[in-house]
Structure formats: structure tokens, C-alpha cells
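To begin, one chain is listed below as C-alpha cells, in the form predicted on its own.
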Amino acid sequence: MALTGLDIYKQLPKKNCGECGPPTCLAFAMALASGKAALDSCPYVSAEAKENLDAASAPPIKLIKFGAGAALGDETVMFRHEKTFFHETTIVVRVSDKLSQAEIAAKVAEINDLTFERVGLQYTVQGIAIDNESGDAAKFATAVQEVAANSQLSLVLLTEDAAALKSALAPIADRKPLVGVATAANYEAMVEVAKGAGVPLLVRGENLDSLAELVEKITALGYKDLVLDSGSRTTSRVLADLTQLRRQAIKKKFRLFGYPAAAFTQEENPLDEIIQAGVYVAKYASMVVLNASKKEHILPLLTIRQNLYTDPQKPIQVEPKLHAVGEVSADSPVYVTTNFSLTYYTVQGEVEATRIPSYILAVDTDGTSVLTAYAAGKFEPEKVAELMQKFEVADKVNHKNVVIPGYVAVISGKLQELSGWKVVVGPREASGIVSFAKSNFGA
């Protein structure tokens, strides 16, 4: 059970030094109890108090890392607008050990190719799950070796046979895969394998009650690097279970559910499966294991994930610099816009459509649009002139003409004075760039 602020305060040094951030030990204790501070912030807390306060200082959902940088859990809120979500749902594609070696190699190659670039961001799946569907330990070990040899993605090993797991895990233990599945029937043997290799363990119950009992037994064995699976498979039931796991961990501080949760899709039609996976990404799976591996199926899911796990208080931004569009030359026009991704890529798309290689100077406006940035004093002539000099625009072209958005025509005079360039007021909307460019810079 979570400690209250007063319970924590009684075990603090009561120096009121303020070195931890809050001005008093009582304020620090209250922040610690609500999950808004870390115990390590106090330089004077005793070792005994640290041990006693571990439960209070631990995040409501434990951070679990595995493989090539996959990170699960460590979330502190139910809804991202309350603070933010930290670790996007890890997407893992399942490979059955029933496939032939050639089929596994082809599947892995297809999974490795699931990378996309959109609005300047890289979208990708994070892992491959090898499923001991055959029930044959030798086939499972061979499949694991084949996948490991052909992919650097994070690995998940799925079998309920502890002996088969141990055999398949041994050659790749240094890659720190997520392993499982621990159930009520095999948990002691599975814990021994996971603990021996120092890898996280996937725990599956038959429902939430049985899952809590199983987690309690496993943690009593001294192992706490866990990922939870309620065992449900229908979409509505999984959604309810995932919501309860998150709510009980964050709102009720129920430590047995304080671990990241995994969900497994069951729909056979790829489109239905992506819809099902999208539900789990939205609420609240830390990892989703699915079968679909075609680009046209996976991209919508990764897009949904990106939208959900973008910090709502921090707009998506491109790097503020001089960007080249096409094979630029000394005759290329120079456009100015903001570094808000939606604005920048809209402008870039229209500039590409002109078929005139051009430069675009993206001004750092903290990811805000043109009018918003101007209203906030972030799209000022001084800033634009400074960036033009910083990125040596004058050395890139043989003219001194710069195009600014029509909505900020008011800065043209001052910018011309500061930069010494002729400031051309462009169209207000990006959609007008094509006709503007043809009129001013030729076909």
C-alpha cells in the first residue's frame, strides 16, 4: 500500500534545506507521495529510510527495458494532457516457428523494412516475437537463431516450455530479449530462466485476479522485471483489462499491477487486426504483438501511435536551418517560414510542386505557425535576419531576394533594413506558392 505524505515525512531528515527542490521536507514528502519527485533528490536521506521509502518513490509503473532500446512502462498519468506519455507503445511483429527457414528469412526481411519517414520523423516497429507455436524445442531454437541472425530489432521469445526457452535463449542472452510466458503452471521454472539470464519476464494470467496472484508469487521469489498479460483476447475485454491495469497502478498505487502491460491481437484479417491493435495502443498497452507485416497495414498503426505519443505541450518541429528543396543552385529562390512541422512540410510540398529548386529558411518559433509565432513575438525581423547571417544564405545564392509569408508582410521593411536584402512578400497561403513562383521565378 502506498505511503502518505506524512508517513514519508516522518522518515526524512527534516533539514528543510531546499536542496531537493521543494522548500521544506514536508513539501518534498507530499511531492514524493504524489509521484512528482524522486527520493534521490534528497542528499541527506538515510539508507534505512531509502529502503523503507522505496515503494513510495518508485514510479507507479515500473520501467522495463529489453533488446535494442525498447522501453516499456514508466508512465505516470492516465491521460497525456495531464502531463505527457513517455514511452510509445512498442510494436512487435510475430513470427511462428512453424515456418520454414526460407519463410522466416523472408518474413524477417519484410519486418526489417517497416520503416517510414513522415513530417521529418522516423516511424518503425521495434521488435520481432518468435512464437513456439510448433511445441518443438529444436524448431523454436532454430527459429530464434534465424531471426537473431537476420535482424537487429528487439526480440521477444514466446513459449511456455521453460526448457525450450532456456535452450533458445542461451546463444542470444546478450541481446536481452523479453521472454515468456510465465503462467500459474510454470512460473517457478520460468523465473529461474529469466533471472539466470537477467532478462525481463512476460507473465500471463487467466484474468486480472489470477494475474495479481501470479505476480505476487513471482515477486515473492525476488523477481520484479515483469511485463503483464491479463490473458484476455477479445478486444472489449482486453481494453477493459488494460484500463484497469493502468488505473489500479496509477490511481490506487496497487503495486502488483505496477508493471507495463502487453496485448496480443487475434483478428485474422489484417485490416481488422490493425484496428484492434490501434485500440490497444490508445489504451493502454505498453507493447502490442501482431501478425501483420505489410507496409500498407503497419503505417496507419504507427501514425496513430505517433499522434498519441506526441507531447501535446510541444508541437512537432523540424530543425531550424536552411533547407534545400531539389538540386539547388546559386539562382535558387529563398523562402522563409516557421519550423512548425505542419507549416514547414506544407510549404515544402508546394515548393516542390513549382519544380524550381529552392531554399527554405525554417525559423525557430518553438513549433508554432506563422501568425501564432508573429503574435507571440517569435517571428520577428531581427530573428530572421540573424538566421540568414548564421546560415550564410548570402554565400549560397547570387541574388539578394528573400520571400516571406504574406501574413507577416508587416515585417518586410524592418527585415530589408536589417539584412540589406530585397524582401518579397509572398502569398498568404502555401497553396499560392506555385503560381507565385511561376510569376516571379519563371517556369
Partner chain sequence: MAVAIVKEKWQSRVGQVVIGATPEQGGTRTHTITIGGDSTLPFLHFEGEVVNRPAVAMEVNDVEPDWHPLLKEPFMDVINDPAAWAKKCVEEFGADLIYLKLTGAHPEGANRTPEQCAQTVKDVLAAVGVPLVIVGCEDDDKDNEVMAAVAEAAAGENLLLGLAQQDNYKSIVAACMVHKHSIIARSPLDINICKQLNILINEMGLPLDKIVIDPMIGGLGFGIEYAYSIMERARLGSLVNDKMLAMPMVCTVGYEANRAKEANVDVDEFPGWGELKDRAILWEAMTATTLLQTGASLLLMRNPEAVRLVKKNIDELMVSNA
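Positions refer to the first chain, counted from 1. Keep in mind that this is a model prediction, so the values were computed, not measured. Each form is matched to the other, and the largest set of C-alpha atoms that superpose within 1.5 Å is called the rigid core.
Below: the form predicted together with its partner chain, not depicted.
task = Report yes if all three of 208, 272 and 315 come within 4.5 Å of its partner chain in the predicted complex by some heavy atom, otherwise no.
result = Yes, the whole trio is in contact, each within 4.5 Å by some heavy atom.
key: Listed residue (184, 172, 279, 77) with a non-hydrogen atom within 4.5 angstroms of its partner chain in the predicted complex   = Spelling it out, the residue with a heavy atom inside the cut-off is 279.
inquiry  = Under a 4.5 angstroms heavy atom criterion, identify the one residue in 105, 71, 299, 322 near its partner chain in the predicted complex.
reply    = By the 4.5 Å heavy-atom cutoff, the listed residue in contact is 299.
ask   = When its partner chain is placed as it is in the predicted complex, which of 279 to 287, 146 to 154, 174 to 182, 325 to 333 ends up with heavy atoms within 4.5 Å of it?
value = Contact-bearing stretch, as computed: 279 to 287.
inquiry  = Is residue 240 near its partner chain? Define near as a heavy atom within 4.5 Å, in the predicted complex.
reply    = Yes - in the predicted complex, heavy atoms of residue 240 and its partner chain come within 4.5 Å of each other.
task = Would you please decide whether residue 264 lies within 4.5 angstroms of its partner chain in the predicted complex, comparing each non-hydrogen atom pair?
result = Contact with its partner chain, no.
key: Partner proximity in the predicted complex: residue 255 to its partner chain, non-hydrogen atom cutoff 4.5 Å   = Residue 255 lies outside the contact set for its partner chain.
query = Quick one: does residue 100 come within 4.5 Å of its partner chain in the predicted complex, counting heavy atoms only?
reply = Close contact is absent here: in the predicted complex, residue 100 is far from its partner chain, nothing within 4.5 Å, heavy atoms only.
query = Using a 4.5 Å cut-off on heavy atoms, what residues in 212 to 236 are near its partner chain in the predicted complex?
reply = 212, 213, 216, 235, 236 sit within 4.5 Å of the partner.
ask   = Is there a C-alpha shift of 2 Å or more at residue 352 between the shown form and the other one once the rigid core is superposed?
value = Residue 352 C-alpha, core-superposed: shift of 2 Å or more.
message = Given a core-based superposition, decide whether the C-alpha of residue 276 shifts by 2 Å or more between the shown form and the other one.
response = No, shifts by less than 2 Å.
key: Threshold 2 Å Cα movement between the shown form and the other one at residue 339, rigid core reference   = Residue 339: C-alpha displaced by 2 Å or more between the shown form and the other one.
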